[in-house]
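Take a look at this single chain, the form predicted alone, given in C-alpha cells.
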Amino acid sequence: MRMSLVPRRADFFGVFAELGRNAHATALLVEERFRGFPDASVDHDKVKDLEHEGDRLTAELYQLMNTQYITPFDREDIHDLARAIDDVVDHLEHASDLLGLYRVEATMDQALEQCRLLVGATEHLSAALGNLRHLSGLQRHLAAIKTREDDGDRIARDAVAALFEDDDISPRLIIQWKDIFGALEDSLDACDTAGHLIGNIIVKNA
C-alpha cells in the first residue's frame, strides 16, 4: 500500500468531527423512537442507516491511518478513540432494535431519561471531537460526559430494582427491559470511554 509523505491532519480531524456528529444524530433519533414507541414515527431502519454511516466513517479513519505516514496522534489512540465512538452508535442501534424485537407495549420513564442523558453525552462528545485539533477547552465537555454516565448508571440500577419490586411484572418483561437498559448503559459507558481517551490524548499532545 502506497504511503503518502504529506501530512493530512485535517482529514483526521474532519472525520473525527463527522463521527461525533453522527453519534449525536443517532442519540437524537433513538430518543425520538423511544419517546413515541410503539407508535413512533422513527423506524429502526433509520437508526440502522446512521449505524452504517458510523461504520463507513470508522473505516475511512482506519484507511487514513494506514496510508498516511504522519498522524496527528499515536495510531493506537486514533484506533481506540474511533472504536469507542463506534461502540456508542452500535449500542444505541442495539437498544433501538431490542425495542422492536421485544415488542414492548410502552416505554419506561427511566429509559427516556437514559436517552436524554445520551443526547447530552453525545452532544458534548461531538463538541470535543469537533475541537480535537486545538486540544484546549475540552475539559468541560469531558466532565459533562462523565456526569451523564454516572447519572445513567444510577437510573439503570433504580429501574431494574423497580422492575423486581413489582410482583405484577412478568419475568419475561423484566429480562427484556434489563437487556434494553443494558444496551443504553453500554452506550453511555462508551461515551465515557471516548472521553477518557480524549483526555489521554490531551495529556500526551498538549
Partner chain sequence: MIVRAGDRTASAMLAAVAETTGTRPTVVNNSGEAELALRSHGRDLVVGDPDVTALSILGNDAQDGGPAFVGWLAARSSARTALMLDGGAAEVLDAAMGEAELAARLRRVVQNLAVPVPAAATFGGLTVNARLHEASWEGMPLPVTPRESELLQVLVAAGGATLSREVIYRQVWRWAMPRGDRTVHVNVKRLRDKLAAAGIPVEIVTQPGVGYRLRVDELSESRDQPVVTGL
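Numbering follows the first chain given and starts at 1. Just so we're on the same page, rigid core means the largest C-alpha set that superposes within 1.5 Å between forms. Here the structure is a predicted model, which means the values were calculated and not measured.
Same protein, other form: the form predicted together with the partner chain, not shown, and the subject of what follows.
Per the 4.5 Å heavy atom criterion, the partner chain in the predicted bound form is contacted by stretch 99-107, the sole one of 126-134, 113-121, 99-107, 76-84. When the partner chain is considered in the predicted bound form, only one residue from Val42, Ala162, Leu28, Met65 comes within 4.5 Å through any heavy atom, namely Ala162. Highlighted residues Pro38, Asp158 and Pro171: every one comes within 4.5 Å of the partner chain in the predicted bound form, counting any heavy atom. Once the rigid core is used as the reference frame, the Cα position of Asp166 differs between the shown form and the other one by 2 Å or more.
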